[in-house]
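Encoded as structure tokens, the following chain is the form predicted on its own, with no partner shown.
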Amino acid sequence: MHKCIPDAEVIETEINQTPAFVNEKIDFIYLGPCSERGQEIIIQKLKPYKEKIEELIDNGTVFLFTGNAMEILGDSIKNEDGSKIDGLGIFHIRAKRDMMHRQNSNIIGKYEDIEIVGFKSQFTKAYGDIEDNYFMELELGMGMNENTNYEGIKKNNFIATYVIGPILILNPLFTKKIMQMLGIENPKLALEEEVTTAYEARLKEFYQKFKSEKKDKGEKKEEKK
């Protein structure tokens, strides 16, 4: 994103620093995946700013949370032993950890009129009613949990997804959408031709995989009959 908007000021917040959004007008807030212990530390650090975060979301500030970062804003994160970590409670989702089973998958999803490709790698699944504010609906891959094709959270200009990086490099159309949210009327990407060619090739590859998986499932159903 910085390469696409080279004159933007980028502020990296250390864990013991006050986030810049508390006292300054910030246009774009990003939080990426973190360790399970990191989640718990970040929750405690952000608790004093819960109302500020809600205010920014309501006012249309652009957010992008990737990987397990969205769980920080949920109601709770449950461990295998039954213990529970309270989240910030901004979104009513409940995450459940299963540290012995990592879920890895390619995904194809639809956000508005944009096809998104990417990768998920997670020890958690999230549960809750997101039907009115999901980010995208998946054609390939698991949604928030094994019982839904809905993936991620979208409210105003807040977007959170279990898809991990480099989501922006892999999805030039989505990156342009983010830039438009930031008020850039005619967004231009760094290395636009190269990333667009790679996106189209990856989309084709993933769709071929999707069709192959559907065929395999159909054949297995026939065998069971």
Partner chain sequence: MSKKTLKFYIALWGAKAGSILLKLLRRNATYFPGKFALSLCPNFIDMIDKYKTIIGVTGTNGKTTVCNMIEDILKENNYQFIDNKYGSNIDSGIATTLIAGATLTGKPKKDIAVLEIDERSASKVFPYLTPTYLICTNLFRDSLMRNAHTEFIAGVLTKYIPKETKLIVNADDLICSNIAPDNEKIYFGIDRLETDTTKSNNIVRDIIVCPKCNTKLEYEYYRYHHIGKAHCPNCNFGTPEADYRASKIDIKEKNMTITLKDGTKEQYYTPNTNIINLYNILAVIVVLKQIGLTQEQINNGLKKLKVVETRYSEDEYEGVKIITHLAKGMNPIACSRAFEYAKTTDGNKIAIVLIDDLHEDAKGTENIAWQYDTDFEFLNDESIKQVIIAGPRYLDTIVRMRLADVPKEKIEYAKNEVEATAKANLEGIDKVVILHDLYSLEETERIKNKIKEMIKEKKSK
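Every value quoted in this text rests on a predicted model; they were computed, and no experiment measured them. Numbering follows the first chain given and starts at 1.
Just so you know, the form predicted in complex with the partner chain exists too; it's not on screen, but the next bit is about it.
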*asked:* Is it true that D27, E146 and N186, all three, sit within 4.5 Å of the partner chain in the model of the complex, judged by heavy atoms?
replied: no
_Whether E51 contacts the partner chain in the model of the complex should be assessed with a 4.5 Å heavy atom distance threshold; does it?_
no
*Is there a non-hydrogen atom of I15 within 4.5 angstroms of a non-hydrogen atom of the partner chain in the model of the complex?*
yes
*Should G165 be counted as a contact of the partner chain in the model of the complex, where contact means heavy atoms within 4.5 Å?*
yes
_Please tell me whether any heavy atom belonging to A198 falls inside 4.5 Å of a heavy atom of the partner chain, as the geometry stands in the model of the complex._
yes
*asked:* The chain here is shown without the partner chain. Which stretch in 70-78, 89-97, 113-121, 128-136 comes within 4.5 angstroms of it in the model of the complex, by heavy atom distance?
replied: 113-121
*In sequence order, which positions of 57-77 have a non-hydrogen atom within 4.5 Å of the partner chain in the model of the complex?*
none
